[in-house]
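Next up: a single chain in structure tokens, the form predicted on its own.
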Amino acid sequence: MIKDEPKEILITGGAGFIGSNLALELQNRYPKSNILILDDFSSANFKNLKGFKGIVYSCDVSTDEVFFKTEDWNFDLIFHMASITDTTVEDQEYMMRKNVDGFKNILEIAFENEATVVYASSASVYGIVNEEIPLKEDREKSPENIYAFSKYIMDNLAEKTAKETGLKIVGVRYFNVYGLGEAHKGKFASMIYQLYKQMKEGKNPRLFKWGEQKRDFVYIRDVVDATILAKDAPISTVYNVGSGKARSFNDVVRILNEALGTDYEVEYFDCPYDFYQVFTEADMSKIKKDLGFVPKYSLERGIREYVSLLEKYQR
């Protein structure tokens, strides 16, 4: 457990959505820590890091340059957020090299520094779930695309490396994250942002029939809190990070209407996919038991705060 303020922190993917929010919060919590961000800026935006006082290098962590750009550092703590997050990428070699090989490089750096590692896993490893039960971490995995498969293999690699080296390696298995800093992701931003944008443009929000599909939407502030807390896990493990409560897309539209003071009606259309996930919900009992983490933001509170921030400024 890292009891004192870390001396040096590495954040990969630190200019992305989750990584940038994490970097700014770590800077606030640990003002004496030296923080290095590595990001290849392929799916990031420098504007996310306004106010960041640390060092940022452009770097593809799946290449050997990661070793050169970190050789003068002695990390206590590593947050590995770098990843190809475009789930539509079909190039299997590319996805595996970027995600799995990149993670392998970071684990080598962690071993050299005896650093604790917290890395981004994904709820996509569970696969298509059509039964309305919370997903436990030890549930059988069934990745349906190469992105989910790469995250599944990262989980396996983390477990193997932890056993062989004694390093503490903790995965945070994110569900549907939303919040400020995701706008640069375009069509890959959260459905909450997509629906907000449609409504701000004066359009009726569009949903698959009949909008009762449910997701575990989790607000970025809760995600950041859980990610930082994960460093204190008693052993190497993986934690679900969600809200712990599935909500429908119809709920999202209703709350957005309330937050925006509008009254848009939903336009429903047929789902074009044969296999479409109709339900996700994180079982949050493990992270609560081990670390005392309980999400603070309901969907109503999260969307209200998000909309107020988007209305104020958009980064």
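The first residue of the sequence shown is number 1, and the count goes up from there. The shown structure was predicted, so the numbers you read here are calculated from the model rather than taken from an experiment.
Although not depicted, the form predicted in complex with a small molecule is the subject of the following passage.
Although the partner is absent here, residue 98 is a contact residue: one of its heavy atoms lies within 4.5 angstroms of the small molecule in the model of the complex. Contact check for residue 35: every heavy atom lies farther than 4.5 Å from the small molecule in the model of the complex.
The closest non-hydrogen atom of residue 43 lies within 4.5 Å of the small molecule in the model of the complex. In the model of the complex, the small molecule stays beyond 4.5 Å of every heavy atom belonging to residue 169.
In summary, the region of this chain contacting the small molecule in the model of the complex, judged by heavy atoms within 4.5 Å and restricted to 179-187, 229-237, 197-205, 137-145, corresponds to 179-187. Checking 122, 116, 243, 105 against the small molecule in the model of the complex, a heavy atom within 4.5 Å turns up for just one residue: 122. Site annotation in the model of the complex: the residue of 278, 59, 259, 56 reaching within 4.5 Å of the small molecule with a heavy atom is 59.
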